[in-house]
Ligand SMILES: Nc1ccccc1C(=O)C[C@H](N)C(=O)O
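First comes one chain, alone, set out as structure tokens in the form predicted on its own.
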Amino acid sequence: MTWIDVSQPLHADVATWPGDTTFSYEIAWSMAESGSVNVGKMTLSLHLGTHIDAPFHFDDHGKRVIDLDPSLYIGPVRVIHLPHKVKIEASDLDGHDLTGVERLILKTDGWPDKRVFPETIPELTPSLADRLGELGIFLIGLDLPSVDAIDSKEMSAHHALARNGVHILEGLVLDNILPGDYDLNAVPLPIVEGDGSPVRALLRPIL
């Protein structure tokens, strides 16, 4: 089966967290100047578009991107659909058989227009984080820019997920993805000091 790209394209108009670094790309060294090649330069936030959060993002003593095992982001994943939520609770997983699932993606439909940064999003709750930990799930992905509310300062979902050993993949594009089982490849860049990293997230249906 063909891999499906579920990452946001990076361009000048990609939605950026208010106040964060916007995306820019330019030719820093053109063929006319070099005589042989174009060499580009880009500037962006590490939390732009589709990205992972390293624990250092919300914990000064947390792991940086380079410390994370790439295999967290490669392997089987279950996609479930949880639309029309304000908060996502542990009870929202009731009725979903997650036995043996280690990576879980939530399709929330809570950010319908990726060209515009949302004013509000469904937020993950500590009860959900605890349930994920109990189930042995170590990666949560979702189609939102954050696991917490947009105006959160406490970052309670981030911290609760970390306490339960659950890593975070945000900003997925799941409009055309049906619930089910997939292979996932969403490896971050090896940024030594990074608190996060953009990823090229890919899904492939498991038949």
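Keep in mind that what you see is a predicted model, and the values were worked out from it rather than measured. In this text, residue numbers run from 1 along the sequence as written.
The form predicted in complex with this ligand is left out here; the points below concern that form.
Q: This ligand placed by superposing the site C-alphas onto its pose in the model of the complex: is the shown form open or blocked, blocked being 3 or more ligand atoms within 2.4 Å of backbone or C-beta?
A: Result: open.
Q: Pick from 167, 64, 47, 159: which residue has any heavy atom within 4.5 angstroms of this ligand in the model of the complex?
A: By the 4.5 Å criterion, the partner-contacting residue is 47.
Q: Just to confirm, residue 155 within 4.5 Å of this ligand in the model of the complex by heavy atoms?
A: Residue 155 belongs to the contact set for this ligand.
Q: Given that this ligand is not shown alongside this chain, does residue 143 nevertheless sit within 4.5 Å of it in the model of the complex, heavy atom to heavy atom?
A: Answer no; every heavy atom of residue 143 is more than 4.5 Å from this ligand in the model of the complex.
Q: Do residue 17 and this ligand come within 4.5 Å of each other in the model of the complex, heavy atoms counted?
A: Within the cut-off, so yes.
Q: In terms of non-hydrogen atoms within 4.5 angstroms, which of the given stretches 134-142, 177-185, 29-37, 47-55 touches this ligand in the model of the complex?
A: Of the options given, it is 47-55.
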